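In the block that follows, a single chain appears as structure tokens, in the form predicted on its own.
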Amino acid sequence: MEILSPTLTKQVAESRERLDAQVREVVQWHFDPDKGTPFWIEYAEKLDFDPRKEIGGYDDLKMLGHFEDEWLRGGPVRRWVPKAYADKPIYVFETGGSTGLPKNRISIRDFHLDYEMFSDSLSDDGFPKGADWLMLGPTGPRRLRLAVEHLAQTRGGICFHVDMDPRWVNQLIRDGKFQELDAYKAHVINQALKILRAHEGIACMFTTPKLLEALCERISLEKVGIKGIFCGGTEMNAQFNRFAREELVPGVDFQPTYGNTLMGLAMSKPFDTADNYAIIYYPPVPRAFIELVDPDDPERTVDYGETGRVMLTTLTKEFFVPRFLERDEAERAMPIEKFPWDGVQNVRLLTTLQDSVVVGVY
């Protein structure tokens, strides 16, 4: 294993201290009988210990077990709203849906904060301040639609959208209706083309790998003024990273990202040819933390370079998700000076799910 420099070793220790402090603050908040979250207050009644007294850092979250996927399916959704925020305007976003009833996650300002942090990582050359954006991705009850719009507004721009329902795409794939699928994809791309041709101020965009490829078959994005592309999805891998940079959008600032409604947004290591186009992501510590664990023994953290299942912990006052086993796998990556905590490399769908989960436009 590569040995960390003394400076980076110190940074890693400091980031861990911030993570442990965040855990303590969030646990105190969500389990507080007066201002905490109804779900967690009720959950604590079933425990033989007081989380506010016993949980002193990230490692102690093992005492709570694993967050269960099914807890987010169905209502009442207000059980996830902290009592202190009961009078705030509440958003509800859906996540998933390709494997059953969609999960719900409440939000107030978290998605704004996540994308403001991401905005700070973007270059002004690739994503100019004041430029308008095109959001070519899923709409409806997903946070991505509002989050990208907030990102554009944070950078002084206006965001244009297409109408798109990824669940309809998934259904067409399940039914084997590939002619209808092609027609729907063409409908989505045609919307994007009309927007790009009608609004010259658009210089930035979000899209998914499949939609980016389909769009580039119809138009040169660089020629119509696109300078930066923020791209994310299940099929964002080293092969597509190379394809995008060298063939689809050469000369455009291409920023891969890994995120979801529960975590927020992970940022990628700055592009380096030495990485052979591998994409390495770092979660927004201390607001979220990713641990890669043995799929057969989730209590064991895998070694650097080893493949593991993504275990996510979300740590904000709006939402607390301890040790949730995601449906993704990746290789554990070393900390770097810009992100002095563990990263994840080559994120992809769990091998055991690749034949059963429809990823559609992602």
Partner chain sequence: MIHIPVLRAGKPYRSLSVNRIPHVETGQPFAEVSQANRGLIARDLLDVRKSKRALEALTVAELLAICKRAATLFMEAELPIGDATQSPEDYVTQTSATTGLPQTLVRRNMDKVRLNMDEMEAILGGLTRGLDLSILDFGWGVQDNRRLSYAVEANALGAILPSNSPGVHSLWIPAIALKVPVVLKPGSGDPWTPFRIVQALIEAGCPREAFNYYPCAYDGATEILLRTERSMLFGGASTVKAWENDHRVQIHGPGWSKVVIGDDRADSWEDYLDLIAESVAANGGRSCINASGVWTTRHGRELADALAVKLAQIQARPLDHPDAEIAAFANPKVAERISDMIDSQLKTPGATDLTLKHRGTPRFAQLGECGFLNPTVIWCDDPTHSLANTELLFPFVSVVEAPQEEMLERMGSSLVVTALTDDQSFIRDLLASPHVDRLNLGAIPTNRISWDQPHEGNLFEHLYRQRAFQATA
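Computed from a prediction, not measured in an experiment: that's the story for all the values here. Numbering follows the first chain given and starts at 1.
One more form of this protein exists, namely the form predicted in complex with its partner chain; it is left out here, but the text below deals with it.
Q | residue 120: touches its partner chain in the predicted complex, heavy atom cutoff 4.5 angstroms | A | No, residue 120 is distant from the partner.
Q: Tell me, yes or no, whether residue 190 is in contact with its partner chain in the predicted complex, where a contact means a heavy atom of each within 4.5 Å.
A: Although its partner chain is absent here, residue 190 would stay clear of it in the predicted complex, with no heavy atoms inside 4.5 Å.
Q: Indicate whether its partner chain has at least one heavy atom within 4.5 Å of a heavy atom of residue 104 in the predicted complex.
A: So residue 104 does not count as contacting its partner chain.
Q) Though only this chain appears here, would residue 237 touch its partner chain in the predicted complex if you measure heavy atom gaps against 4.5 Å? A) Answer yes; at least one heavy atom of residue 237 falls within 4.5 Å of its partner chain in the predicted complex.
Q: Sort through 71, 85, 271, 243 and report the residue having a heavy atom within 4.5 Å of its partner chain in the predicted complex.
A: Residue within 4.5 Å of the partner: 243.
(Q) Just to be sure I understand the contacts: of 222, 149, 94, 213, which is the one whose heavy atoms reach within 4.5 angstroms of its partner chain in the predicted complex? (A) Only one option qualifies, and that one is 213.
(Q) Just to confirm the contact call: exactly one of 275 to 283, 139 to 147, 72 to 80, 107 to 115 touches its partner chain in the predicted complex at a 4.5 Å heavy atom cutoff, so which is it? (A) Of the options given, it is 275 to 283.
Q: Could you run down 151 to 182 and flag each residue that has a heavy atom within 4.5 Å of its partner chain in the predicted complex?
A: Read in sequence order, the residues that approach its partner chain (within 4.5 Å, in the predicted complex) are 176, 178, 179, 182.
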